[in-house]
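In structure tokens, the next block holds one chain alone, the form predicted on its own.
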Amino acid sequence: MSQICLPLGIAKTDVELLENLIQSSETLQVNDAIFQQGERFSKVYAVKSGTFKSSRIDGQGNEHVTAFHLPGELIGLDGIYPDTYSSTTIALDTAVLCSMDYDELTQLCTSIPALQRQLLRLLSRDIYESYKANAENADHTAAQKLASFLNNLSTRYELRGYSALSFNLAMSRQDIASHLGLTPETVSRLLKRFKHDGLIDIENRHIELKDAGGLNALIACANG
């Protein structure tokens, strides 16, 4: 997790200051919430293990899944500007996270410039990835959206030292569909098609990417 969340090359004493800021780890079970949409923003959370889902409820009461969070990723940064959490975030499996008080974190950033740069880099990454996903999904077919989603998970797992080709989908088909703007039936149908075409092998929630190159080719091909 330190490779994802901590700046490189900071002094040992500064690392100790940051470690003192991080509150003790907390274990959550399935459907346990970290925070609720509209709740006052106060803390940033780092995932140590497990998977989390962030979702928003619109004016008509419909849920829209906005993000999935994996080990080594930070949760809650989008609450800085509005001063409230913009989503409800829950655990999708047994998960462990630690929390950092945001006011204390920003105070520490004034004395550790490298930490400030790292925090800004993480904020910029979230903005970039959100923009990239929105731009790509606008023109993608349903199959391309799902292939991009699987490819994104693969890349994120690999960055964290896990297998890029074999992992569990902690999220349900309904959650994936909501996140991609598809129906659950479409997601299930496409997963079966990908399996039939030899791109993946899937058993319940365990998935293996059999032809990562084929998935990338599908993402890159012209619509239709």
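When you see a residue number, it is the position in the sequence shown, counting from 1. Not measured: the values here are computed from a predicted model.
The form predicted in complex with the DNA exists for this protein as well; it is not shown, and the discussion that follows is about that form.
Check for me: heavy atom within 4.5 Å of the DNA in the predicted complex, for each of 56, 64 and 69, yes or no.
Checked in the predicted complex: no contact with the DNA for any of the three.
By the heavy atom within 4.5 Å rule, which residue out of 49, 36, 166, 186 makes contact with the DNA in the predicted complex?
Among 49, 36, 166, 186, a heavy atom within 4.5 Å of the DNA in the predicted complex occurs only for 186.
Select from the listed residues 84, 141, 152, 116 the one whose heavy atoms reach within 4.5 Å of the DNA in the predicted complex.
Result of the distance check: 141.
Okay, which stretch from 173 to 181, 38 to 46, 154 to 162, 56 to 64 lines the DNA in the predicted complex, with non-hydrogen atoms inside 4.5 Å?
Looking at the other structure, the answer is 173 to 181.
Though only this chain appears here, would residue 205 touch the DNA in the predicted complex if you measure heavy atom gaps against 4.5 Å?
Result yes; residue 205 sits at the interface with the DNA in the predicted complex.
Taking heavy atoms and a 4.5 Å cut-off, does residue 196 contact the DNA in the predicted complex?
Close contact is absent here: in the predicted complex, residue 196 is far from the DNA, nothing within 4.5 Å, heavy atoms only.
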